[in-house]
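Listed next as structure tokens is one chain, alone, in the form predicted on its own.
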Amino acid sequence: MSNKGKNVAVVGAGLCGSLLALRLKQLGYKPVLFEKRPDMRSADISAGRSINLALSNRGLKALDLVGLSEKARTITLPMKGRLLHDREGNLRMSPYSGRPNDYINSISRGDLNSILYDAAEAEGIPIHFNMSCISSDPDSGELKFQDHSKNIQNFKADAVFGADGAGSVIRQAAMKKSSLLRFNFSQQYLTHGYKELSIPASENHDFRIASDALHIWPRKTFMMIGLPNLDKTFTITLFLPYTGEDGFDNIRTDADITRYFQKWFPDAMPHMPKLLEEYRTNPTSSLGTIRCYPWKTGAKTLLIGDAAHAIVPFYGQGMNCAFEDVVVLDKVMKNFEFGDWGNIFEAFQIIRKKDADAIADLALDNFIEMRDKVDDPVFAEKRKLEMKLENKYQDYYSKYSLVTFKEDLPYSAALKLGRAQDELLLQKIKEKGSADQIDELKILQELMDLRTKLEISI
């Protein structure tokens, strides 16, 4: 095999970068991973950072590409639906799908990254931790890194992948030469931020609340969610506006925290003995969407994952989307000669950009759905109808299922078809008043006709 284009630098050894390096090694390249943070296998993720994620079919497909899907499954907890908590403590289960075998998986970010690190090292991939990239030339592939002792290390690669997240240094290097590159960049923040809290295991080392669901406390303009962990704890995430009556800026003292949770989340509060400490200690973090283009920022450099398209977390697709980048790149690479990075990067960004934009839009839509619409009677009837159709007719997939469980369908097609289906079903529910009044075969035919009209095949 030719050595042309063989030496590859992957800047950022998070989930996407580690998976990418592993796949490149399997394809015959010589990747080197650089990570600014310490090795998480020997250092805890800082408190307040999102520590568990939702792994679904697209992510599992990517892990299967490198032979790790089954190993990843061993550290997951299946979540079959959203368990909704109202202010009186009443519970209502909203399944993710009418198909009994469709579910998403709660997984620890650190544990999954550790699996990827172990696999990468087993393949002989060097991982340089505590190395911050301080300079990048997108055309020459020349990189400069600095360790914690201020020592400088230079590295030159045939190809550079910027997998260094939403605050990407590799992307910033592209922005500095934007007059030549015509580099477009936007960062849109939500008016809401988030704070990580927790529910510990019970005194008998069991879950305090149901472990087979993603818990949501929807409160119209804000919400709280909870995902289970293998150690019987729950990671709780509070999403609030920064300002206003129910915003973070109005919760300043312990008394404020107590009053707020007693008012809005009374059934959760007894399960949160460290609430006051965690609320005071853990940071309030921002939520935003990053879009940029081109992702090919120079002759030898490509942005990938969150560095190219960071999204808000409300569809549970951030990690899955970044992993799918690797699947798409793998397919693209098969159409070009080994190491033909210029053409590979160009083809990848053309194919992938529209799908990254689509899931960003879907994630923003789902924020409104999770905090507000899940408690709306019309929306609840629509979901009831969707569940009946999915359970009885294998050809039908709701918008959520198109995105989450149809891993071979591009996000852009899922958005187009899913929105059209939602519009049709909501219209029918409003006309008939309930899902039970709708002729299933007739509406199914209308949905199939809609798919034909939009020229989308699933």
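Computed from a predicted structure; not experimentally measured. In case it trips you up, residue 1 is the first one in the sequence shown, and so on.
Just so it is clear, the following notes concern the form predicted in complex with a small molecule, a form of the same protein that is not shown.
Enquirer: In the predicted complex, does S211 come within 4.5 Å of the small molecule, counting heavy atoms only?
Expert: Because no heavy atom of S211 falls inside 4.5 Å of the small molecule in the predicted complex, the answer is no.
Enquirer: So in the predicted complex, does any heavy atom of Y194 sit within 4.5 Å of the small molecule?
Expert: Contact check for Y194: yes, within 4.5 Å of the small molecule in the predicted complex.
Enquirer: Indicate whether the small molecule has at least one heavy atom within 4.5 Å of a heavy atom of G305 in the predicted complex.
Expert: Yes, contact at 4.5 Å.
Enquirer: Applying a 4.5 Å heavy atom distance criterion, does N320 contact the small molecule in the predicted complex?
Expert: Close contact exists here: in the predicted complex, N320 approaches the small molecule to within 4.5 Å, heavy atoms only.
Enquirer: May I ask whether G81, Y96 and A201 all come within 4.5 angstroms of the small molecule in the predicted complex, judged by heavy atoms?
Expert: No, none of G81, Y96 and A201 comes within 4.5 Å of the small molecule in the predicted complex.
Enquirer: Only one of T221, S132, T284, S114 gets a heavy atom within 4.5 Å of the small molecule in the predicted complex. Which one?
Expert: Of the listed residues, the single hit is S132.
Enquirer: Pick from G141, P228, P294, G316: which residue has any heavy atom within 4.5 angstroms of the small molecule in the predicted complex?
Expert: Going through each option in turn, the one that passes is G316.
Enquirer: Please identify, from 247-255, 273-281, 358-366, 164-172, the stretch that has a heavy atom within 4.5 Å of the small molecule in the predicted complex.
Expert: Selected range: 164-172.
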